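We begin with a single chain expressed as structure tokens, specifically the form predicted on its own.
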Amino acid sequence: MLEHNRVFVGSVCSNECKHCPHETRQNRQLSEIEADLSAGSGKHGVEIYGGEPLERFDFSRLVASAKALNRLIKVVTNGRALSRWETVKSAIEAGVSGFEVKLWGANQALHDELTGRDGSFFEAVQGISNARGSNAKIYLAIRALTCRENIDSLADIARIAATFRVDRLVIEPIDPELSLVEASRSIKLAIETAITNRVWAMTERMPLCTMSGYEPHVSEALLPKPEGLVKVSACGQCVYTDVCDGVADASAERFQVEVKPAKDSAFLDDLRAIRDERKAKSLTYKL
């Protein structure tokens, strides 16, 4: 997995998602963003996210600033702007090397309900189609933002990922009221559906104890991302305590009540080796 310097460009967006974490809508100044781009030394690429980055009038200049640092550039988007072919073309020509399109559902009714915008599902799917249909060799992923309303639709989203031959399906729970323990069954089914159809699937913000048997699909196990993650008291009793970054802060209270610490794991030695290797590389970058 490539290490990306995650750069937030502001919360202005063309959707009004039910589970949006941003209470206000405000773009960041380009000078602030460029400072963050420069701060990511040692990383393979840049992940540009919002809000909706593709709606910025200075998007091409932003990409040019990232490109000047000789970085791979991935844009996390709701996909609606990509439904316009000229947007796909201009983004790739500017230097974008990958798109990660957020989906809330596998059908119009569910997706549009959660985005708060009629027609957003068809625009997002058309955007995925346009990105895959471009002649450029770009990375393309679907990010399945997971909540109580769509947890049973993840396998269907995985089928959409297979239809468009995306490079990766990323499953990210973002609803603090969602039970991660209960959600793990649907998430594992979605992973099985994806890999059966030759699409690699990963989770974000899913603690290792909830993903027994699927540990290689937990992104934080391969590339630690402790920002925004916390440990609960039960984590100290878990076999993964030294290789797991924990749970999203907003989900910690519910998780503490439900969690059942793992007692053993066939993957533990491998995960420790990966963690040690990542720490060694991090020290090398700092030196």
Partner chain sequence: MKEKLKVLLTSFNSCSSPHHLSLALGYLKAYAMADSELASAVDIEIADFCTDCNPVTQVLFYLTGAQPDVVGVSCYCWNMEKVSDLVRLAAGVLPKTTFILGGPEVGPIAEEVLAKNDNAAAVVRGEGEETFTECLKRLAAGDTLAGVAGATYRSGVEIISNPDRPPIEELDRIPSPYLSGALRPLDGVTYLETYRGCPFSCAYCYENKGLRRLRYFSDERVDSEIKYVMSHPEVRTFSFIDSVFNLSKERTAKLVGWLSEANVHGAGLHTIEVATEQVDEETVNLFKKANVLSVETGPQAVHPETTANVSRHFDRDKFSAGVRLMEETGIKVTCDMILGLPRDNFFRFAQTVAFVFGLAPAKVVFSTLNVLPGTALYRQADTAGLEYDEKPPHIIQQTASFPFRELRKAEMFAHSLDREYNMS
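Residue numbers count along the first chain shown, from 1. Here the structure is a predicted model, which is why all the values come from computation and not from measurement.
What follows is about the form predicted together with the partner chain, which we do not show.
Contact with the partner chain in the predicted complex holds for all three of L2, H217 and A273, each having a heavy atom within 4.5 Å.
At a distance threshold of 4.5 angstroms between non-hydrogen atoms, E192 is in contact with the partner chain in the predicted complex. The partner chain is not drawn, but in the predicted complex it has a heavy atom within 4.5 Å of K43.
Contact annotation: I138 falls within 4.5 Å of the partner chain in the predicted complex, judged by heavy atom distances. For the chain shown alone, W200 is a contact residue for the partner chain in the predicted complex, at least one non-hydrogen atom being within 4.5 angstroms. Of the candidate stretches 164-172, 116-124, 147-155, 79-87, only 164-172 has residues with heavy atoms within 4.5 Å of the partner chain in the predicted complex. Residue in contact with the partner chain in the predicted complex (any heavy atom within 4.5 Å), chosen from L72, L110, I160, A183: L72. A heavy atom within 4.5 Å of the partner chain in the predicted complex is found for exactly one of L222, A234, A64, V230: L222.
In this stretch, 248-269, the one residue having a heavy atom within 4.5 Å of the partner chain in the predicted complex is F267; the partner itself is omitted from this view.
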